[in-house]
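First, one chain by itself in structure tokens, the form predicted alone.
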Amino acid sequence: MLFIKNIKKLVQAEDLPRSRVEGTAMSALPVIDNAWLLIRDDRIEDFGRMEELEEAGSGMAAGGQIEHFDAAGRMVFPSYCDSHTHLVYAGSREIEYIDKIKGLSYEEIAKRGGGILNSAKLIRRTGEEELYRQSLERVKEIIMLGTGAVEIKSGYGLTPEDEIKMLRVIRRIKETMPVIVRSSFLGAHALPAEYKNRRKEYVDLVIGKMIPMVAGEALADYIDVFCDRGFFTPEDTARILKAGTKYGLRGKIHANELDYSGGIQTGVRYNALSVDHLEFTGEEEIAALLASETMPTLLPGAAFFLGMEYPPARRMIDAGLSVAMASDYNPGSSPSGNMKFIMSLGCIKLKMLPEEVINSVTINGAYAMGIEEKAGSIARGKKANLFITKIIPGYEFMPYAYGSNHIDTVILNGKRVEYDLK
């Protein structure tokens, strides 16, 4: 057992765990001052205030060997739940970064054969072992930055063989790393060059061959589609989601990043777990989401990197919606998995309160991954995935001090984790 005492603030501590937080409730954050936390094996067993510790002492005494950790005035947060990444990729795309600086848009780069198609070329030339090696370093990096659960998408393969290769790497990460991993099959990420002007044929390939192959090896938890201007239509998306449902793959949609695409409404119609990006979100889209169980997930790192309009988070929360935020870690539009910086963008650019951004990257992020029963808050019975901060004045300091790492200790599955990042 691991006993952590003298915690300045135990953040997101719940006696009655919630599945998600929405609307005005997002501005509230359950916190216990001067707290303790008990971990047994890989689970949170109990917690409370230091002054009440004697009441819980008998239960700890009966538990056997206890390792003591004195937080000495530091804070404890649940690990970040990053519900949208593409961190399994080969190489990098800094040349496109220069093109962006020179004024080319995301769509212009894609039309020239760059963007996603550039990453697809690199994936096809990279073996599975090397792809795993590169991706493993990124996973270690995000763990040390506080992420304890991550969703990873395929989508840079765009052939049956290369999509399977990516998903096998994701499965290997799930099997070898202490972080909680969920995988999404994103065969409909872009139209491969060889299918130019033959979108229906490629959608047929995704439905007829790729989905059965993915399901046959149980390689994915979810299915995703890039439903947006210049990519896949709502009709394409509906076909793919329906096909995925037959194999038990629930939808997660890239929607409305570039325009009002109909992707949000399509996702809601087919009970997608989340719809992500959402830079273009109006009253119709908000109304559809309010009537659904779909989590709107914002990716401000992509809007920041691409110099695009930010999603209307304030309007969405004020309307009563839940909001999650994720990193979109990928080589082309958000080459960072730093969820602390995502919180800072939420405050600075989306005008969200510190409590709202913390809720969005913990409990609501867990919901957007379908793991809210095991992650996203400090609650009895949940996975002991958390981090201990350095000495900071308050939880508001985390998004405020956007350029510094204020994590002292990372704990996953009840054990301290440390990686030597190269």
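Note that the structure is predicted; figures quoted are calculated from it, not measured. Numbers follow the displayed sequence, beginning with 1.
Below: the form predicted in complex with a small molecule, not depicted.
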Can you pick out, from Asn330, Thr266, Asn256, Ser183, the residue that has a heavy atom within 4.5 Å of the small molecule in the model of the complex?
Asn330
Exercise: Phe226 in contact with the small molecule in the model of the complex, heavy atom 4.5 Å:
yes
With the partner left out of view, is Arg74 within 4.5 angstroms of the small molecule in the model of the complex by any non-hydrogen atom?
no
I'd like to know whether Tyr156 contacts the small molecule in the model of the complex, with contact meaning heavy atoms within 4.5 angstroms.
yes
Check whether Ile116 has any heavy atom within 4.5 Å of a heavy atom of the small molecule in the model of the complex, and answer yes or no.
yes
Stretch in contact, per heavy atom within 4.5 angstroms of the small molecule in the model of the complex, of 79-87, 197-205, 236-244, 165-173
79-87
When the small molecule is placed as it is in the model of the complex, are Arg93, His189 and His277 each within 4.5 Å of it, taking any non-hydrogen atom of the residue?
yes
